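We begin with a single chain expressed as structure tokens, specifically the form predicted alone.
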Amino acid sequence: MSLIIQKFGGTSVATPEARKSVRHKIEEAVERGDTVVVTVSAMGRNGAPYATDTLLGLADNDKDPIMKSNMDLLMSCGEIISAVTLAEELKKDGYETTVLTGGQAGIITNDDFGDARIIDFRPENMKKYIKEGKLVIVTGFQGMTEDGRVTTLGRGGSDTSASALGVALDADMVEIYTDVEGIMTADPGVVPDARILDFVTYDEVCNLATQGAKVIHPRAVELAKTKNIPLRVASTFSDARGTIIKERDDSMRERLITGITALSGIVQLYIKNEVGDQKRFSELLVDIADEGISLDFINICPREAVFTVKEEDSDRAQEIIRESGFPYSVVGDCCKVSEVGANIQGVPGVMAKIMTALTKEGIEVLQTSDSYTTIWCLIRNKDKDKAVRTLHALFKEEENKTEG
């Protein structure tokens, strides 16, 4: 018998028909003999009556913004509605259910309202109800401060809730159910022959998620990794196996690139340091950091530096550079294309293949960077889709050669 955490996203609980599929997934696991703990998101997406963004709109007031603590209390209502509604439907199916808020389930956070971080797990309440044979349903996306105030965990917070419950209960598996059948090699809207991955590593999926792939929140993955709890991303509305996220093993050995994703809204800044005054250069970087502006694609030499910032930070970054007196140039409307794969470390020629393929397609590469699992290419946004398709085709061909 296994202990399974099942998380169901907003589209999975949005309608009675969708919740019927949710109940089927729960019943399947129970019939296998598993102990199941369920966590749910708010119903639907923006525009739906109880979706988080809809609730936010109820208190939207630019002249007198609502207190962050009150906003968290308001936003927590969506998950409570979902949990109670599902619990009542499961009762009709013969299940004895208990609904707990995130705080009641023992998720303790700091008081950074709107984007709280989990600082402790106190699962005694959950364990008591599980021991009594109850089907426990926990509201996702939320926790509680030490002094009992409701907090929310930021975007993707229900994924984080699921992993937190898994860690707190030493679960055997965390299952993330959504409206897609798994994690794909690329965005199928851009790459029609993108395929669902059977397995990915924790590190690979974190890189994919932070670089634009809308798969699972990185915090959820990082939490599960702390106890080596596998995650499964699958569809509520399909019997497809989905994608398993776990530590690297032999099942992933032959795959060079796991997935390709792209992130827009990037500006490249090139600064000349003609006198080579590194002290002034260092002071400039400190001034930028003091404004809370994060730099990426950083290359610094004695007489020049090039880096990128998010589009929304570009004007302020340029203002700081102008005030410093350094001459600079700007390339706007850029995109970062990421090639993610746990096996690229130490493999010669990967960057050469990427550059050759992109150059052949007339795509200018403005900058590159790499880590042990990822290669990044900065290009112009107009070339984004072409670059993703080109690189996906390249590594699909490489994989076919390996398999052949």
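Residue numbers run from 1 along the displayed sequence. So that the term is clear: the rigid core is the largest set of C-alpha atoms that superpose within 1.5 Å between two forms. All figures in this text were calculated on a predicted structure; none of them were measured in a lab.
The same protein also has a form predicted in complex with adenosine-5'-diphosphate (ADP), omitted here; what follows describes it.
Participant: Find out whether any non-hydrogen atom of Asn207 is located within 4.5 angstroms of adenosine-5'-diphosphate (ADP) in the predicted bound form, and reply yes or no.
Facilitator: No, Asn207 sits far enough from adenosine-5'-diphosphate (ADP) in the predicted bound form that none of its heavy atoms falls within 4.5 Å.
Participant: Under a 4.5 Å heavy atom criterion, is Pro123 part of the interface with adenosine-5'-diphosphate (ADP) in the predicted bound form?
Facilitator: Outside the cut-off, so no.
Participant: Are any of the heavy atoms in Asp179 no more than 4.5 Å from a heavy atom of adenosine-5'-diphosphate (ADP) in the predicted bound form?
Facilitator: Contact check for Asp179: yes, within 4.5 Å of adenosine-5'-diphosphate (ADP) in the predicted bound form.
Participant: Although adenosine-5'-diphosphate (ADP) is absent from this view, report whether Asp296 comes within 4.5 Å of it in the predicted bound form, heavy atoms only.
Facilitator: Outside the cut-off, so no.
Participant: Picking from 166-174, 79-87, 285-293, 184-192, which part of the chain touches adenosine-5'-diphosphate (ADP) in the predicted bound form when contact means heavy atoms within 4.5 Å?
Facilitator: Residues of 184-192 come within 4.5 Å of the partner.
Participant: Looking at Arg322, Lys91, Lys127, Lys214, which has any heavy atom no more than 4.5 Å from adenosine-5'-diphosphate (ADP) in the predicted bound form?
Facilitator: After the contact test, the surviving option is Lys214.
Participant: Can you tell me which bits of 1-40 touch adenosine-5'-diphosphate (ADP) in the predicted bound form, meaning any heavy atom within 4.5 Å?
Facilitator: If the 4.5 Å heavy-atom criterion is applied to adenosine-5'-diphosphate (ADP) in the predicted bound form, 1-40 yields Lys7, Gly9, Gly10, Thr11.
Participant: Does Asp203 count as moved between the shown form and the other one, where moved means a C-alpha shift of 2 angstroms or more after fitting the rigid core?
Facilitator: It does not, since the Asp203 C-alpha is displaced less than 2 Å between the shown form and the other one after the core fit.
Participant: Using a rigid core alignment, state whether the CA of Gly189 is displaced by 2 Å or more between the shown form and the other one.
Facilitator: The answer is yes, as the C-alpha of Gly189 shifts between the shown form and the other one by 2 Å or more after core alignment.
Participant: For Lys384, is the C-alpha shift between the shown form and the other one 2 Å or more after core superposition?
Facilitator: Shift at Lys384: 2 Å or more after core fit.
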